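Presented below, as C-alpha cells, is a lone chain in the form predicted on its own.
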Amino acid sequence: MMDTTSARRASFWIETTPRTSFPPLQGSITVDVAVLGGGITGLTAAVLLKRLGKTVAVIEAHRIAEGVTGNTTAKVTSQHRLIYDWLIRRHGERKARLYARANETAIERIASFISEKGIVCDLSRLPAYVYTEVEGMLPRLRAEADAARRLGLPSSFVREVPLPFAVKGALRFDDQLQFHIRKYLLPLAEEIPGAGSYIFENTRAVGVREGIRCRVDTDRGRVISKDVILATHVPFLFKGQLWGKAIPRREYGISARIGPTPASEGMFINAESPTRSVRTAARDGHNVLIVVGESHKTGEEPDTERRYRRLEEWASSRFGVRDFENRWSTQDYFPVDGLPYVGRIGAGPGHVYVATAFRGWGLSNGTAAAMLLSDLITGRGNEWAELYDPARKSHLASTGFYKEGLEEAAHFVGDRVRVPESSPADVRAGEGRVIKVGGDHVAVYRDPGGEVHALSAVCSHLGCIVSWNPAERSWDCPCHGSRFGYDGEVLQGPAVRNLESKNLGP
C-alpha cells in the first residue's frame, strides 16, 4: 500500500538545500537596473548585467529560487514536448529555428556558468525523450523528429527507451542537461551582491513608474533605476496587459526513493495526456524518482488532492515505488500564440522590460530571456528580439486569445451568480468555500482547529472570484492566476495586494 500521508509539502529541490537569508530593502537605493523576481530569469539577468558593468538590485517578494523556479522538474532541454512541427506550421521555419537556437544557446550558457564557476549541482548530460504508449501518436513523433532535425536540433525517432515499461516509440534529443536547480542558482546568485549591487528578499514590488529614471515602489522602500526588468512570473503592470495574453496552469510533483532503474539513463515526458514528466535525482546516496504532471487551468480544479493521488498511483504501478517523500505544485503561463513574451513593454524608447509565459519550459527559455534582456539593456543586437517581442501582433490572430477572453468574462460574471447565500457555520473543519453573506462574496476557510478565516472573495487584481485549492490551502483566481494564502497573503501575482479580511462576527 502506498504511503502518501507522510509526504512533505515542499519540493525536492527546496528541501535538499539551505534557505537563503538576504536582507529586505530598507529605505531607498539607486542602481542601473532593478530586477523584480528572484527566479532563474531574474538572477541570470542580474549576473549577466553585472558582468557587463551595470549595478543591479534583485527584488524578491519571498526568497530567491523558491517560487516557480524552486518547484521545477529541473530539466534543461530544447525538447519542449511536440513543439517544432507546430511552430513551423504556425510561425514559419525561420522563427522556429530562432526558438530552437535560443534554447540550445541557453543550455550551453548554463553549462558554461557551471564550468567556469565550478558549481557542484549534480549535473548530467543525458538524452531527453518524448515517448508514447499509443500507436496512433507515432506519426506525430516522426513528424516532430523530422522538423527538429531540419532546424538543426539533435533529434531522432527511436523505438527503444530506457524505461521499465513498454512504449511504442519516442522522440530523442541528445546532449541535454539535468541538474539540481537550487545547487546551481544559489552559487550563481552569490555573484550579485557587492560593488553597488544587491539582492533583497521578503520585499514585494507594488508599482513601477517609468520616466527618465524609473521608480520601483515596494512595501519596504523604493528603488530608482534607469531600467526595470519584470521577471515576476507574470508582470503585474497594466501596461502591456500580458496577464491577458497568457493562460495560467498548475502542475504537481512528487518524489520517492527508488533502487537502480533504467530511467536514470535519460529524461522523459509522454506525448499524450495527462502529462507524466519523469527524471531521477540523488539524495543521501540514494536514487530518487521525480514525477511531474496533472496540469489544469488555475482555479478550475475543486479536488486538487486527487492530482497528487493520480501521480502517486501511476508512479507506483510503473516504477514500484510506495513511500513518497515530497509533494509540491507549481504554476506556469502559456502564451496564446505559443511563444514567450520577452522584451520592452510598449513602443518607443521605454525602459521597462518583461519576461513571461515560458509554457512550462522556464529553465532554458528563462535563461534565453535573461540573455536577450541583458543585450537589449546594454544596446547590443540579438536575433531573438523579434521572436519574443511582447508587442507582436500574432497573438491577436490566435483563437486562444479570444477563447481566453471569453472564459475570463464567464468567470467574472458566472462565478458571482453561482455563489449561494450561506453561513460560515456550514463550512466544515479543513474546508474552504466561497459563500455569500449579506450580498458580499466571502472566502471562508475553517482550519482543523475550528478557527474561521474569512476574506473578501474578490481577487485584488481585477475582481474575479477566487476558488479554494484544498491541496495547497490557497485561494486561486481562475482569471489570471493570482494566488493567496488562507490568511489572504499574496502568494503569486499578478495581484500585489492581499485579500481583504472580513469580520463575520461571533
Ligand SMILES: Cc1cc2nc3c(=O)[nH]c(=O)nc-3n(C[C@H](O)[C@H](O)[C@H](O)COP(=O)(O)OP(=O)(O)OC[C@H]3O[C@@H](n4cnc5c(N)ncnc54)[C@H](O)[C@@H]3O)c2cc1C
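A residue's number is simply how far along the shown sequence it sits, counting from 1. Keep in mind that this is a model prediction, so the values were computed, not measured.
Below, we turn to the form predicted together with this ligand, even though it does not appear here.
Contact with this ligand, judged by heavy atoms within 4.5 Å in the model of the complex, is confined among 305-313, 229-237, 129-137, 83-91 to 229-237. The closest non-hydrogen atom of Y184 lies beyond 4.5 Å of this ligand in the model of the complex.
When contacts are judged by a 4.5 Å heavy atom cut-off, F358 counts as touching this ligand in the model of the complex.
Looking at G362, you'd find a heavy atom of it within 4.5 angstroms of this ligand in the model of the complex.
At the 4.5 Å threshold, heavy atoms of A443 stay clear of this ligand in the model of the complex, well away from it. For the candidate set E294, D332, E104, E144, a heavy atom within 4.5 Å of this ligand in the model of the complex is found for exactly one residue, namely D332.
Heavy atoms closer than or equal to 4.5 Å to this ligand in the model of the complex belong, across 298-313, to no residue whatsoever.
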